[in-house]
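Take a look at this one chain, the form predicted on its own, written out in structure tokens.
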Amino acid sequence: MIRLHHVAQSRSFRTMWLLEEMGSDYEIRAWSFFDGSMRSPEFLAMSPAGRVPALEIDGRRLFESGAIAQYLCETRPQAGLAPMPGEAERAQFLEWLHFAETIGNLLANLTQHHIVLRDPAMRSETVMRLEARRLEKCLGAIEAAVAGREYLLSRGFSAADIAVAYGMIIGQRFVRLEKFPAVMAYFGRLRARDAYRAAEAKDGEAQIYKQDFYPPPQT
């Protein structure tokens, strides 16, 4: 049995979506971002930073969503969701897969300052503006990559698209996607996939983001 440790609206959504694309049987154990349970010895034994996803699979425990995606693709190549070592576009696949973590860190910083730090005196307006601009630059790179093609790789849809899509799923709460028409069209194609919709239905009640948009402070 595959068990996914998950928080709604978090990076573990990417693992859930990937499992759905693969047609895998799995169960979900839901955790809370706010109740301290992810700092418990039980959870830290699976994910030492106290973050999701954590995945129990093939008799082992894995953490870090990029590593989980790569492991799933390489141990289940029949799903066809990644070029294997030596195949064309392997380097580009890995580049986008790990670029998604750069985007994820920007989103984490924005979430920290807009939502987690509830005392306004603890927030940095400079960080909030700076990270939003950095996120725009990342979305601009995706805009250039998908202009004139359906997915990040010319071979078609891959786990790299799943990884990068989180930058749009959450990023649209901090940056207006209307600035990026190719990204919006790409995001629409991703959201139309059956596996995306299945994962979205299982994601759970919103815990983290209660607003549609969190504008950066005005200078």
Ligand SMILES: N[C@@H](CCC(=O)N[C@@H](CS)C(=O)NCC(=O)O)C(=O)O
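The first residue of the sequence shown is number 1, and the count goes up from there. The shown structure was predicted, so the numbers you read here are calculated from the model rather than taken from an experiment.
Another form exists, predicted in complex with this ligand; not displayed. Remarks below refer to it.
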| query | finding |
| --- | --- |
| Contact of Glu143 with this ligand in the predicted bound form (heavy atom, 4.5 Å) | no |
| 4.5 Å heavy atom contact, Arg60 to this ligand in the predicted bound form | no |
| This ligand contact at Val52 in the predicted bound form, heavy atom, 4.5 Å | yes |
| Distance check, Phe187 to this ligand in the predicted bound form, heavy atom within 4.5 Å | no |
| Proximity to this ligand in the predicted bound form (heavy atom, within 4.5 Å), stretch among 171-179, 22-30, 154-162, 35-43 | 35-43 |
| In the predicted bound form, residues of 96-115 near this ligand [heavy atom within 4.5 Å] | Glu101 |
